[in-house]
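First, one chain by itself: the form predicted on its own, in structure tokens.
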Amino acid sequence: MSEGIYPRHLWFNGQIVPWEAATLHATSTIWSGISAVFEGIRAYWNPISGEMHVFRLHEHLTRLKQSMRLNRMEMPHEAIDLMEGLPELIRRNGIQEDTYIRIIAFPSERRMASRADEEVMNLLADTAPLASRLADDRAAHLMVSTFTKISDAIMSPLVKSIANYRNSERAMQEARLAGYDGTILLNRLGEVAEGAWSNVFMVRNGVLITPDLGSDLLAGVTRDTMIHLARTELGIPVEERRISRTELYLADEVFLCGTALEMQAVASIDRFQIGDGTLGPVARKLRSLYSAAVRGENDDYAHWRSTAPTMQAAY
């Protein structure tokens, strides 16, 4: 039973079903991780309005479709099904806390010599509690990884796939074993690509700078949000361009961002202190704006939120 451990309901192949009913035979998923793609989406609880706000659901589902297309996977259900189904899943599960929604698309019935047209595509979404860390001022100590970020000539970094994420996992393992909190990966040219499972920003001389999409990185939804908030709300210049490793050492501020991570200040890179080693003023302002946008406290960004009214979990 799912009680106390797993959500009461899942979204599975077009229907909201009890957790126990979302099953496949173990042998039908043996090779599914090779081509599986996924999305992680956050939903934020607003105790004042009594609503859950799913943040930028449309953009996440658009990226899921793009990942599937680049992996030559057929989308088994229309995105509108998930647009309607995921807020309803939250409602059916009776969730009243910050939550992470995981969506994974994977083939089943794959055999060693099977053809793509013999596979069955599956789409699964579930929910798990994940408290926000936007109030956490702790800054991370990072190293530049000895592992290189995969390039478009190997496997497209624009695809959010399980296979691609092994690259970041190896880099993160290396960093933690060396005593660091995290890592930054360089691309094949020796330039900054991204953090492990996150995008990277720096501030130099009042300009917010982040690697461009040609630098072998995932086009992050949170990255796009930060760029928009900086330009629109703070009125500061934003540059998307190539960044050298040394530029990071000289930055006034550096921070990481991503859906699960949200936003984290960087205290040092390779033992070079960044700024005063704490959350910088630009990052602090962006974090405040981001928090208001995701929790439904800024009506200017209502179009970024899909609201899920809550109810007690159905039995």
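Being a predicted model, the structure only gives us computed values, none of them experimental. Each residue number is its position in the shown sequence, starting from 1.
Omitted from view is the form predicted in complex with a small molecule, to which the following refers.
The closest heavy atom approach of residue 223 to the small molecule in the model of the complex falls within 4.5 Å. The closest non-hydrogen atom of residue 197 lies within 4.5 Å of the small molecule in the model of the complex.
At least one heavy atom of residue 218 is located within 4.5 Å of the small molecule in the model of the complex. Proximity of residue 32 to the small molecule in the model of the complex falls outside the 4.5 Å heavy atom cutoff. You can rule out all but one of 279 to 287, 251 to 259, 264 to 272, 43 to 51: in the model of the complex, only 251 to 259 has residues with a heavy atom within 4.5 Å of the small molecule. Looking at the small molecule in the model of the complex, residues 133, 295 and 304 place no heavy atom within 4.5 Å of it.
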